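Starting off, we have a lone chain in the form predicted alone, written out as structure tokens.
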């Protein structure tokens, strides 16, 4: 497995252990491992999960069925966020109409009540949908740490194929169990086609 000298922002030597290393004195940002198919990354993700790593991610060109279980991801809290936002929308919609029609600017028209739930349903429904959509959208962004304009994997030319036909696992140097050499050799032992220690 040969190292590549055309990586932007990094310089690689010719490693003896099959792991590409940053040749400069920059800070180690993480380790990137490349796999050739979805079966390889599924098996590797299970091993990374079982090894106790926490600050890591997978990168695939298309959704891989079962990858979330292999990574040990918990059920998404998005449904609860949407529910809370929807309840807030319904309550605020009803409260807004009550305030306007029955308190702030009360008008008696043909003996009708100042405020009633049936007459308030359309606006309540719209506000419920609006806040639910906001909850889903912004909740997803927050939970995914987006927008993210930079990732250490961008230093690798190989990573460009993550949107085409290659599968990657990246382990961040901020992980409590991270050790550049140990982590790189661990990933190499999982059958990675290439392993790169990324430096800035």
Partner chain sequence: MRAPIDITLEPRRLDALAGRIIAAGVLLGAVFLLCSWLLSQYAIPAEARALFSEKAFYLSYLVGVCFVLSLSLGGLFFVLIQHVTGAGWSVVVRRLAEGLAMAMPFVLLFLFPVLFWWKGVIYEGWMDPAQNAHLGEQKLGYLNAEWFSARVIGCIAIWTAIAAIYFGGSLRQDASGDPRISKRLKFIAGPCIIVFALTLTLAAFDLLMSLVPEWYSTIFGVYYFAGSAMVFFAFLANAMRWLQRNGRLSHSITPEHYHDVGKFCFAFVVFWAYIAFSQYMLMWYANLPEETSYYRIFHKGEFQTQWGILGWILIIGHFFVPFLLLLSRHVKRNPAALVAGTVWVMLMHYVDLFWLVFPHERSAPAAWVYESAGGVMTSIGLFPLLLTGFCATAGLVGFYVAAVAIVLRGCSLVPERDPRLPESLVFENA
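Rigid core here is just the name for the largest C-alpha set that superposes within 1.5 Å across the two forms. Residue numbers count along the first chain shown, from 1. All values reported here derive from a predicted model rather than from experimental measurement.
One more form of this protein, predicted together with the partner chain, exists but is not displayed; see below.
- Heavy atoms within 4.5 Å of the partner chain in the predicted complex are found in one stretch of 168-176, 50-58, 147-155, 35-43, which is 35-43.
- Listed residues 73, 83, 95, 107 were compared with the partner chain in the predicted complex; 83 is the one with a heavy atom within 4.5 Å.
- In the predicted complex, no heavy atom of residue 77 sits within 4.5 Å of the partner chain.
- Interface membership of residue 130, defined by any non-hydrogen atom within 4.5 Å of the partner chain in the predicted complex, is ruled out.
- Among heavy atoms of residue 65, some come within 4.5 Å of the partner chain in the predicted complex.
- Within 4.5 Å of any heavy atom of the partner chain in the predicted complex lies no heavy atom of residue 102.
- Contacts to the partner chain in the predicted complex (heavy atom within 4.5 Å) from stretch 77-114: 83, 112, 113.
- Once the rigid core is overlaid between the shown form and the other one, residue 80 does not reach a Cα shift of 2 Å, moving by less than that.
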